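Presented below, as structure tokens, is a lone chain in the form predicted alone.
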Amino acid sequence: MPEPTNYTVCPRCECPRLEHVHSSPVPGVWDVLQCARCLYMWRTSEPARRTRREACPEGFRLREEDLAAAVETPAVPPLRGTL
């Protein structure tokens, strides 16, 4: 897959290791990126507060020591049944 463009660090933890996960069906409209360290995932068409480190709210930001001290990643609950 191609490397993410115009995104050099994770907006949440500032890690430079980003993975391109998916692209929009219409080329160039949006991409889905994921951070290799904190696993934060975002679509490039979201607002700057979710896609750019400098616009990310302080309370949402993570530091390397925050991640090292994390007890566990919350589990995804089971599905409730058939839809």
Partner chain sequence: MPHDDLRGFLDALDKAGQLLRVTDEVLPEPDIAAAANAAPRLGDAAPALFFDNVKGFTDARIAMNVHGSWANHALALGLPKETGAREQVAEFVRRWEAFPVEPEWRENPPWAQNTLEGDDADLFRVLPLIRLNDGDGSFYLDKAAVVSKDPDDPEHSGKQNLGIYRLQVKGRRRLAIQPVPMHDIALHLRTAEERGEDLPVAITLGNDPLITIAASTPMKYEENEYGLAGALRGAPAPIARAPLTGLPVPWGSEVVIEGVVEGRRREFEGPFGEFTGHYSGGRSMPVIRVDRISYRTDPVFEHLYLGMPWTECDFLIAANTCVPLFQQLKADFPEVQAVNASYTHGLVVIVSTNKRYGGFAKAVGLRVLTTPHGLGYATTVIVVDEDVDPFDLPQVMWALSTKMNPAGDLITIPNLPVVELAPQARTPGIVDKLVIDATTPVAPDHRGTYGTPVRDLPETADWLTRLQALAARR
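Fair warning: this is a prediction, and the values are worked out from it, not measured in the lab. Positions refer to the first chain, counted from 1. The term rigid core refers to the maximal set of C-alpha atoms that superpose within 1.5 Å between the two forms.
FYI, the form predicted in complex with the partner chain isn't displayed, but the following is about it.
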| property | result |
| --- | --- |
| is_contact(V26, the partner chain) in the predicted complex, heavy atom dist at most 4.5 Å | yes |
| R53: touches the partner chain in the predicted complex, heavy atom cutoff 4.5 angstroms | no |
| In the predicted complex, C15 touching the partner chain (heavy atom, 4.5 Å) | no |
| is_contact(V9, the partner chain) in the predicted complex, heavy atom dist at most 4.5 Å | no |
| Contacts with the partner chain in the predicted complex - residues in 38-62 whose heavy atoms fall within 4.5 Å | C38, L39, Y40, M41, W42, R43, S45, E46, P47, R49, R50, F60, L62 |
| Displaced residue check between this form and the one not shown: P16, CA, 2 Å or over, core reference | no |
